[in-house]
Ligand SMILES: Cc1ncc(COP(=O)(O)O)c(C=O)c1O
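Take a look at this single chain in structure tokens; it is the form predicted on its own.
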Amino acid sequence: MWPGRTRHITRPPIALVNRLARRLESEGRDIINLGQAILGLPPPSSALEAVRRGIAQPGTHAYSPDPGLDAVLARTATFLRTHKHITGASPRNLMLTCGASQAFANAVFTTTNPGDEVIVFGPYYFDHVFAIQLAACTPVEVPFAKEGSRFAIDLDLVERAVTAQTKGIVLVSPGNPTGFLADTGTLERLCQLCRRHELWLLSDETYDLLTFPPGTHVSPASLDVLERVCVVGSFSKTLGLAGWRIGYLHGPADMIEEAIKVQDALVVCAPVPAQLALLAALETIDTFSSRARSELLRRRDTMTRVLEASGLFDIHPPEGGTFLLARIRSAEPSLPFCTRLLEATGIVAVPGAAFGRHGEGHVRFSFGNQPVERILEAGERIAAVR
């Protein structure tokens, strides 16, 4: 067994599926990738033009300050105030990161000590659990409750999971892989629970602007109920900048000061070209996100129809995000099912086992990265599977 701290961390089953997909594609198979949770739209043209202009400037090729360029921090703080209603957002409470994953790692390493426990809701996003384990902490999985076909948080279960070692709770809304969207009442009660037990609330809001009617995203940091809120954000999805690795961490100023130490040790700063792209892209975020939501809604509805028509799944309609979670009616384990689906049809999907024990028996299908025509084609292929 490997002697380092990674020995207890398992690679997610999606790695096995992706390896098989690459082999099949190299053999000439037509692969439809419904695995990766990205927004299949290019970033705003203004972002690309800003990078082209920036390449000619010497400063683009140097490090920025660890928290980010002043102008980009200021513009991101404005975004948090105007779009997420976090009234106290300012550059002092903010740092730019290499995507939401970097922001989450910064938050975990800053707010915990080895041996602490951190509550996650299952099915959970696997990279969060990996970061918690790398910090030598213990993830404690609390299952989502069900209200009909939608997911919900059972606060009584959360209360019972809190121990003297609990340091924080991870909330992902809209949720990955569930598409769960927390309402204001639930958020207020969750914040009150955190305040009673002096816990941090680590709120991953990667898909904040990509919600579906009638739902809207609410950040717990906008409620003024709890000071210990870390907002983890990304522009990978909302602005199509996944490969540029640009996100942010917002929280109390003293926590951000400590998080800078983590960032400097790991990556120093967010990529400067990506910061320039973000500065320009934020000027068009309203029109871009509106177009993205409209397109995602078409793709979501198409994906829902074709999966329901196959008779193979029960659907959990997502309230936000770029994917949906489907329960396998045959109760076949998710990794063999996804492997068989890929070999038979050329369709890549993520086994629910990747998202913990409460994800087993499910499959996550990502509709964000494929146009409606390819989703319809995927539906025809899936309909032939038995």
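What you see is a predicted model; the values in this text were computed from it and never measured. Numbering starts at 1 and runs along the sequence shown.
One more form of this protein should be noted, the form predicted in complex with the ligand, which is absent from this view; the next part is about it.
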item: Partner-contacting position among Leu94, Val229, Leu80, Ala100 - heavy atom within 4.5 Å of the ligand in the model of the complex; value: Ala100
item: In the model of the complex, the one of Thr76, Gln275, Gln263, Ser234 near the ligand [non-hydrogen atom within 4.5 angstroms]; value: Ser234
item: Partner contact for Asp204 in the model of the complex: the ligand, 4.5 angstroms, heavy atom; value: yes
item: Contact of His128 with the ligand in the model of the complex (heavy atom, 4.5 Å); value: yes
item: The ligand contact in the model of the complex: Arg299, any heavy atom under 4.5 Å; value: no
item: 4.5 angstroms heavy atom contact with the ligand in the model of the complex for Ala37; value: yes
item: Ala135, Thr138 and His197 all contacting the ligand in the model of the complex, non-hydrogen atom within 4.5 Å; value: no
item: Options 67-75, 235-243, 114-122, 160-168; stretch whose heavy atom lies within 4.5 Å of the ligand in the model of the complex; value: 235-243
item: Residues in 174-196 with any heavy atom within 4.5 Å of the ligand in the model of the complex; value: Asn176
